[in-house]
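Starting off, we have a lone chain in the form predicted alone, written out as C-alpha cells.
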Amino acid sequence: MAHIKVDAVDRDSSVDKVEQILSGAMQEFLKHGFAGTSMDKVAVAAGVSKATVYSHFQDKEGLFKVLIERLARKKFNSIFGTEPPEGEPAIVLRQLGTKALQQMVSDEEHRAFMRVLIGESGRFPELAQVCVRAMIKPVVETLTHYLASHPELKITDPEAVARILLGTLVHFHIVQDVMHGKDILPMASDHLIDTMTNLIVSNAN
C-alpha cells in the first residue's frame, strides 16, 4: 500500500510540475513571442529547473503545441460542451453563435495567444497548422455534422455553410474587438447572430 501511495504522490507532483511549466511558458510566449522565448526563460518563469522542463517537454515547439491543443480543448468545450449539439437549428445556432462570441470577447489570454500565433505564423507555419488542426477543424467538423443532420434546412454543402458561420463570427470579433472598430462599423452582436441564423433556417420554413 505504501508503494501505491508514493506512486500517487509522484503522479500528483508530476502533474503540478507540468501545470507550472505550462503557466510559465504561456507567460513567456505572451511577453516575448515564440521566437523570443527560450526554455531557460520558461524554466525561470515556472520556478523549476531547466532539466525539469526538458523531462516533460522535448523542445520549445512541443511545448507551444501543447499550449495550442490545451487552449483548443478549453475553447471547444466552452462552446459545445462534451456532447454534439442537438435541437432546433433556430435555437441551437443562436446559442452557439452567442457562446462563441462571448468566449472570444471574454477570454483575454486566448486572444493574446492567438495574436502571438498569427504574428509568428509566417516564420513558423507548422505551428499555425497545429492551430488549424486542433482548434478550427473540430469546430468546422462539428458544425458540418450538425447541419447535415437537419435535411429540412436544404443545405447542399454543410461544410461550406459551417465555414461561413465560423468565418462570420471570427471576422466580427476581429473587426469589432481586436481592431477596435466598434465605432467605425457599429453593430450589435445579437443582430448579427439573428440575421445569420435566419439566413440559414429560412429554407426550412
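Start at 1 and count along the sequence shown; that's the residue number. By rigid core we mean the largest C-alpha set that fits within 1.5 Å across both forms. Everything numeric in this text was worked out from a predicted model, so none of it was measured.
Another form, the form predicted together with another copy of the chain, is not on view; read the next lines as being about it.
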Is residue 36 part of the interface with another copy of the chain in the predicted complex - any heavy atom within 4.5 Å?
yes
Is residue 15 one of the residues lying within 4.5 Å of another copy of the chain in the predicted complex, judged by heavy atom distances?
no
Could you confirm whether residue 87 comes within 4.5 Å of another copy of the chain in the predicted complex, counting heavy atoms only?
no
When the contact criterion is heavy atoms within 4.5 Å, does residue 161 count as touching another copy of the chain in the predicted complex?
yes
Non-hydrogen atom within 4.5 angstroms of another copy of the chain in the predicted complex for each of 53, 70 and 104
no
If you look in the predicted complex, which residues in 158-194 sit within 4.5 Å of another copy of the chain (heavy atoms)?
159, 160, 161, 163, 164, 166, 167, 168, 170, 171, 172, 174, 175, 176, 178, 179, 180, 181, 184, 185, 186, 187, 191, 192
Quick check: residue 34 between the shown form and the other one - does its CA shift reach 2 Å or more after fitting the rigid core?
yes
Does the C-alpha of residue 80 move 2 Å or more between the shown form and the other one once the rigid core is lined up?
yes
Align both forms on the core first, then report whether residue 60 has a C-alpha shift of 2 Å or more between the shown form and the other one.
yes
Closer or farther: the CA pair residue 139/residue 60 in the predicted complex, versus this form, with a change of 3 Å or more?
farther
Is the CA-CA spacing of residue 126 and residue 38 tighter or wider in the predicted complex than here, given a 3 Å or more change?
farther
